[in-house]
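For reference, the chain that follows is the form predicted alone, supplied as structure tokens.
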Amino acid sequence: MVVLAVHGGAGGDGPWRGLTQADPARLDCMQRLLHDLGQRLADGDIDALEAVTLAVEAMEDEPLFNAGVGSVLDANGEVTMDASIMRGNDRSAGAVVNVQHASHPIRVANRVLHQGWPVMLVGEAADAFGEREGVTLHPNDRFITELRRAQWQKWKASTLRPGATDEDDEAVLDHDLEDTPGMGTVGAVALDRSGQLAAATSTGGMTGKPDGRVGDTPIIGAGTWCDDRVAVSCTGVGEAFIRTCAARTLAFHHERLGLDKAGQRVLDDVAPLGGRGGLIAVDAEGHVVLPFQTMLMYRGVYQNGDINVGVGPDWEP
């Protein structure tokens, strides 16, 4: 059995109000990458680690996700991106923080993992390492879209808190989510034919985030975790996921509670700390969960040749 699951961020309050004009493109991106990479995973053409890397790269290339091209702007009006990746059989990991020029932050994190030491690189050093490893660099404004600039301008003009406009697809909040922290992450988890697991997560952070802010995405054990039993990628208000070591906590509870209850336990733990969001996880037996405590979470699964994608609460695998 092979499994590939992805998420494109979670957010929103209140009842599900249907798709925005931008949502079909997001769903199409997930559908296409799951079809392509799921089949390659099933054929043994790629392993779990490469599958999650390619899946996240595909979402980093989709301007409507908050990662890579289309990342939200920080308080200074620039893009800074974080990513991490982990392989289960040996717990190898790689992470990058505040990169500004790498075309695919997750690929840089992948190369950090393969290098073996150190586990995490920051800023200019991470970009430079990525370039040495063959990752294309771009000027920072290459990552900025009209939508993200409009969201940033609305955030700045309204003196909103960081993240308040992240879900505003029209810069006029067609989801009416102004009081809600925004969707800020993409991620993937995979189980390959040899039973190996991997997890990867990438983000542009939160609109208006202060200089130097680091969320949970690049922190192993908070936003990403993988061992020989379970692979996890989280999305939501990063500070709460850091304070609860959310991804690693799911792995801790998994054996005793099972995957479903362990996932819900993690979300229950972060909720009192303001950590609204969701996660995806797959275990070594091929069980997969995609729980979230928000209005929506962009999510999809390839499993046994079947593909399902969803946004609102109307679908579970």
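The structure presented is a predicted model; accordingly, all values stated were derived computationally and were not measured. Residue numbers run from 1 along the displayed sequence.
Form predicted in complex with a further copy of the same chain: not shown, discussed below.
Asks: Within 4.5 Å, heavy atoms only: does A125 come near a further copy of the same chain in the predicted complex?
Replies: Looking in the predicted complex, residue contacts with a further copy of the same chain include A125, since a heavy atom lies within 4.5 Å.
Asks: Any of the heavy atoms of R142 lying within 4.5 Å of a further copy of the same chain in the predicted complex?
Replies: Answer no; every heavy atom of R142 is more than 4.5 Å from a further copy of the same chain in the predicted complex.
Asks: Even though a further copy of the same chain is not shown here, does T244 get within 4.5 Å of it in the predicted complex, heavy atoms only?
Replies: Heavy-atom contact with a further copy of the same chain at 4.5 Å: present for T244.
Asks: Would R32 count as a contact of a further copy of the same chain in the predicted complex, using a 4.5 angstroms cut-off between non-hydrogen atoms?
Replies: R32 lies outside the contact set for a further copy of the same chain.
Asks: Could you tell me which stretch in 287-295, 48-56, 24-32, 245-253 has residues with non-hydrogen atoms within 4.5 Å of a further copy of the same chain in the predicted complex?
Replies: One stretch meets the cut-off, namely 245-253.
Asks: Name the single residue among L137, L147, V214, A75 that comes within 4.5 Å of a further copy of the same chain in the predicted complex, judging by heavy atoms.
Replies: Flagged contact: V214.
Asks: Between 214-231 and a further copy of the same chain in the predicted complex, list the residues on our side with a heavy atom within 4.5 Å.
Replies: Read in sequence order, the residues that approach a further copy of the same chain (within 4.5 Å, in the predicted complex) are V214, I219, I220, G221, W225.
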